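Next up is one chain by itself, shown in C-alpha cells, the form predicted on its own.
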Amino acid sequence: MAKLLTGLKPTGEFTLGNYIGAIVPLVNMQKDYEEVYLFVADLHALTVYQDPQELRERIRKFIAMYIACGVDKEKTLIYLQSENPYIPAISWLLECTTPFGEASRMIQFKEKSKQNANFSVGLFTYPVLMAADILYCDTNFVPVGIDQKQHVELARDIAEHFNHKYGETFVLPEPYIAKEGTKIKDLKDPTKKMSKSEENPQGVITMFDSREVVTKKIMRATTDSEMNVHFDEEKKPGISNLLNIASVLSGQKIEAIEKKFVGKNYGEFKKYVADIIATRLEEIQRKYEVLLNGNELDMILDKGIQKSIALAKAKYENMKEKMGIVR
C-alpha cells in the first residue's frame, strides 16, 4: 500500500466548508493507505505576517480539530513542520538544484506577488519547501485541489532533476485529485465558496459556532421564493448548498432528503439542516475540548515529530553524500 501526505495551514478560521471539503475526504481515505502523514505547515504560514500569539493558538486548535473530526491519531503521523530542522535543510539542497524558470512560473506566486509589491523572498521559495515536505518521506500521493496541483507537479519535477543529476533518491509523487468533491458555498452568497477569509461572517459557519449561532445563520441563509426543496445548483444555489450540507453530515442521499420535505416550507427544511449541523459540531467540539485541554495532543505531536525527524535526517544525509558535502 502507498503513502499519503497532506498539510494544514494554520491561518484564518476553521469552517464547515473546510471540514466537508478537506477533512471528511481525508478521514475516508485513511484506510486505503499504509501510512498517512499530516503536517502543520506553520513555516508556510510565515510567507505573510502572522500575529505570533494568534499563530500559536491556531496551531494547537487546528490539530485538535482535525483529530476531533476523525483523523486517526494511531494511523496518521501528525507533526509540526517547524519542529523538524532537516526539512528546511533539505529544502535548501533542493533550491540549489531547482531551475529558476520553473520556480518563477508558479501561479500562486504570480497572483500573490501582484497583490503586495513588498512580498518576501519566502513567498517565492516556499514551493520548494513544499517539495521538501513531500519528498523527504517518499510520499506517493498528495491530495490537492486543482489550484494546488502545480505545486505537486513542481515537487515531482524537482525530484526528477535531483535523481537525474545525483542518482535515484526520491520517489516521484502524484497529485491526488478526487473526481467528486462536495464544495460548500457561502450561506449569504451561494455562488461563492464558504471561505475562512470571507468578509461576511454570516455566510460562514465555523467549527466553533454554538447551536444558537448555527441556527441563526442557517435560518438567514439565502434561498429563493419557490418553496420547493429541490437540488438545482444553477437555478436554486442556496437550497442546493443546504442539501449538500445535510447530505454529507447525515449520510443520506439528496433524493431522500428532497422526498422528506415534499410539500413543506423552507423554514422547516432550514431547521432540519441547522439541527444536523449543530448536532455534528457539538459532538466534534466535545472531543476538541478534551484534546485541547489535556496532555494527549502533546504526546501525539511528540510521537509524530520523532519519526518525521528520523526520516528527514536519513534523507538529508543521503542527499549530502550524493552531493559531495561530507567530511
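The numbering used is simple: start at 1 and walk along the sequence shown. Here the structure is a predicted model, which is why all the values come from computation and not from measurement.
Same protein, other form: the form predicted together with a small molecule, not shown, and the subject of what follows.
- Of the candidate stretches 37-45, 276-284, 293-301, 263-271, only 37-45 contains residues with a heavy atom within 4.5 Å of the small molecule in the predicted complex.
- Judged against the small molecule in the predicted complex with a 4.5 angstroms heavy atom cut-off, the residues Leu8, Asp133 and Lys183 are in contact without exception.
- Shown alone here, Pro85 lies farther than 4.5 Å from the small molecule in the predicted complex, counting heavy atoms only.
- Phe170 falls outside the set of residues with a heavy atom inside 4.5 Å of the small molecule in the predicted complex.
- In the predicted complex, none of the heavy atoms of Gln252 sits within 4.5 Å of a heavy atom of the small molecule.
- Taking the partner from the other structure, the small molecule in the predicted complex has a heavy atom within 4.5 Å of a heavy atom of Asp147.
- This chain lacks the partner; the member of Leu77, Ile218, Val142, Leu93 within 4.5 angstroms of the small molecule in the predicted complex by a non-hydrogen atom is Val142.
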